[in-house]
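In the form predicted on its own, a lone chain appears below as structure tokens.
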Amino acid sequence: MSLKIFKAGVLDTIQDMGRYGYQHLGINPGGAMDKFSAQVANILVGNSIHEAVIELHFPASIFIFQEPSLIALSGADFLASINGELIPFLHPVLVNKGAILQFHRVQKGTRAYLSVYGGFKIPEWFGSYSTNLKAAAGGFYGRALKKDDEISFNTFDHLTALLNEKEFYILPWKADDNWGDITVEEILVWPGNEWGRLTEESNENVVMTSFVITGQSDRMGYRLNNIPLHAITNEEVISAAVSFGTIQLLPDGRLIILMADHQTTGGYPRIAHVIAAHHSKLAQMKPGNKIYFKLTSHETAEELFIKQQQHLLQLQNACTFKLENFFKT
């Protein structure tokens, strides 16, 4: 059982929840840019949240399914179709052998996630399936997917009978990816170790002005176009650990937000950190989008993260129940 790449996308890779415990060796965690959406996709098809998914950017790949499968799409909505007929995202969908999945235009978001029932049959690298493009390791031969690649599935369950000769079948339930975040526009951050290095005026500018994501942005980091910020001192910072969401002050006064493929350490001042619950919101932004920062507390960050995780747990329980009953019928 497998799917084949009929036409390659701009940058589609195998990702999971990340590769942790090797930062001291210079290997960053990586993983899906939008881990919340990757988990939703896996939950919809009954997988572990740690299973590998395909992270899609538009224009995305065109896929041909070599055998029947159960799939789901989450994150960005790229207006997907099976054999030319539109299918919804955030629904589990049974697809038959020979079905062609393609994407037509961006409805919302920047990164979509494709999961398949049982996950993909690929080897782990340091305990993760995620593609590390810089190291050319992990994922599917350590690279983005190409035309004629064939990715095998882990499961060999026979799904033909459930399709009843249909090309595809949309299961009648949908995931809600709205976990109750009331901060619609703002990206919440808390002050970093070097927040105090900024002048008082620059501190105010961080939360009073907008920041535009530039074209010099990718999975490693988002470079921002902003009013130059100024530090009180030009004293160099000792290189220290950084993480997904760390906001660094560059020498020219601009900011960069470190993303999934960030380096393990950095020598630029760490003025702030994006809270974990807003990594997903950040990952669905693209060059040209405006970012508004708002300072928050560790307590609020923890409360929002717990709320997000509770939503995922409730979704997992509901989908597990519905899938078990569906497969029994």
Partner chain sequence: MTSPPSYRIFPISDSALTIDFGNIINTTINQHILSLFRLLSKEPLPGMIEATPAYSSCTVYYDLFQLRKLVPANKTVQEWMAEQLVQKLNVPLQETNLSAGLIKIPVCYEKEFAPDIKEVTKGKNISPDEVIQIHISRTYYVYMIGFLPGFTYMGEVDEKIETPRKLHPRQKVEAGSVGIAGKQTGIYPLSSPGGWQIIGRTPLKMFDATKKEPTLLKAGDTVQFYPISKNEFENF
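Source: prediction; values computed, not measured. Positions refer to the first chain, counted from 1.
One more form of this protein should be noted, the form predicted in complex with the partner chain, which is absent from this view; the next part is about it.
Considering the partner chain in the predicted bound form, the lone stretch of 118-126, 158-166, 99-107, 67-75 in range is 118-126 [heavy atom distance within 4.5 Å]. This chain is drawn without the partner chain; in the predicted bound form, the residue among N178, S152, S239, T199 with a heavy atom within 4.5 Å of it is S239. Residue A135 is the only one of L171, A135, I227, L250 with a heavy atom lying within 4.5 Å of the partner chain in the predicted bound form. Contact check for L25: a non-hydrogen atom falls within 4.5 Å of the partner chain in the predicted bound form. At the 4.5 Å threshold, heavy atoms of E235 reach the partner chain in the predicted bound form.
In the predicted bound form, the partner chain stays beyond 4.5 Å of every heavy atom belonging to S217.
Though the partner is left out of this view, M285 does not reach within 4.5 Å of the partner chain in the predicted bound form, counting heavy atoms only. Using a 4.5 Å heavy atom cutoff, W190, T246 and E299 all lie near the partner chain in the predicted bound form. Applying a 4.5 Å heavy atom cutoff to the partner chain in the predicted bound form picks out H298, E299, A301, E302, F305, I306, Q309, Q310, L313 from 294-329, in order along the sequence.
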